[in-house]
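Just one chain is shown here, as structure tokens, and it is the form predicted on its own.
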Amino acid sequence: MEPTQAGQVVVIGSGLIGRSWAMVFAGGGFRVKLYDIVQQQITSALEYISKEMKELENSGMLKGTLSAEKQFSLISGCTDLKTAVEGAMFIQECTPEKLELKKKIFGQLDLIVNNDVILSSSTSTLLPTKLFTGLKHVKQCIVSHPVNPPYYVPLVELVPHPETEPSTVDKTHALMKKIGQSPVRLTKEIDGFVLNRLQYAVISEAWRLVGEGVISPADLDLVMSDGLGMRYAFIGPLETMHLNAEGMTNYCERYREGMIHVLKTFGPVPDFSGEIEQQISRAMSEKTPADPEHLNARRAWRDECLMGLAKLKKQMKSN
């Protein structure tokens, strides 16, 4: 890899997702402008990034080929939007998940960007038609939804607006690959995109099974972490089907009727409240009390696990 890539990336918003994106882009060798409205927020974001990068370097988990010092030197802060986007080829918006706020930002960007830059949003719930409709540069707009935390979980869902140029999707896909993420293309927008639709299907059935007294909350989580999840860390549900029989067609022949029978017994969508919510909440709090100290410690442990898994996956791929 060249010491640095040509072109500059702008990250808008210096919260957790913005910080993580800045680190991912710098890891790929890109110069990054981190924009926020308050200088103090940028200052604390840069302190956090510097500390994180050094720790990642020490544990051998820093992305890319450049040293932590070199990567950190590629990131600079900016409180003026016009200055921030000068010379940018890609802009990743990471402001809080509020439609009006995001629309305001894209409205401002629409007035100052050229016809070459890609305007991308990190939103996890807002559809491209809600965010980008009516913008002059709508052809250059796309949702690039990362998984939290993006530094350790590489998936990025690319969701176009109906008017997004195919070249915008292609360029974003290529950029994400270049910085070490795993981009997937959605051909059209859909509520929840794909990751959350799959996640909600699992959450919904998990909730029903616990609510019906079939299994305890702790054991339910074990079914995933020590069962399905181990497999899904490397292959998806469709390849699992393919490998669990003599190919996909054989799997469907064998299990079609059984699957349909079980699926028809699924209950209605839960309301995620009331007695079952309290029961699950108690069980989760026994394991990790719901105060900042315990939750942060457990999150740090989770991120360490994800780091180890990322390392293993990389190793398995290169074998």
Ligand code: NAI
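Throughout, we count residues from 1 along the sequence that is shown. Here the structure is a predicted model, which is why all the values come from computation and not from measurement.
This next part talks about the form predicted in complex with the named molecule, which is not shown.
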In the predicted complex, segment of 87-95, 132-140, 234-242, 159-167 with a heavy atom within 4.5 Å of the named molecule: 87-95
Selected contact from Asn148, Ser225, Ser73, Gln199, since only one has a non-hydrogen atom within 4.5 angstroms of the named molecule in the predicted complex: Asn148
Among the candidates Ile215, Val184, Leu101, Met230, the residue which, in the predicted complex, approaches the named molecule to within 4.5 Å (heavy atoms): Leu101
4.5 angstroms heavy atom contact with the named molecule in the predicted complex for Ile12: yes
Interface membership of Ile105, the named molecule in the predicted complex, 4.5 Å heavy atom rule: yes
Contact test in the predicted complex: Phe30 vs the named molecule, heavy atoms, 4.5 Å: no
In the predicted complex, Thr123 touching the named molecule (heavy atom, 4.5 Å): yes
Residues in 16-44 with any heavy atom within 4.5 Å of the named molecule in the predicted complex: Leu16, Ile17, Gly18, Tyr35, Asp36, Ile37, Val38, Gln41
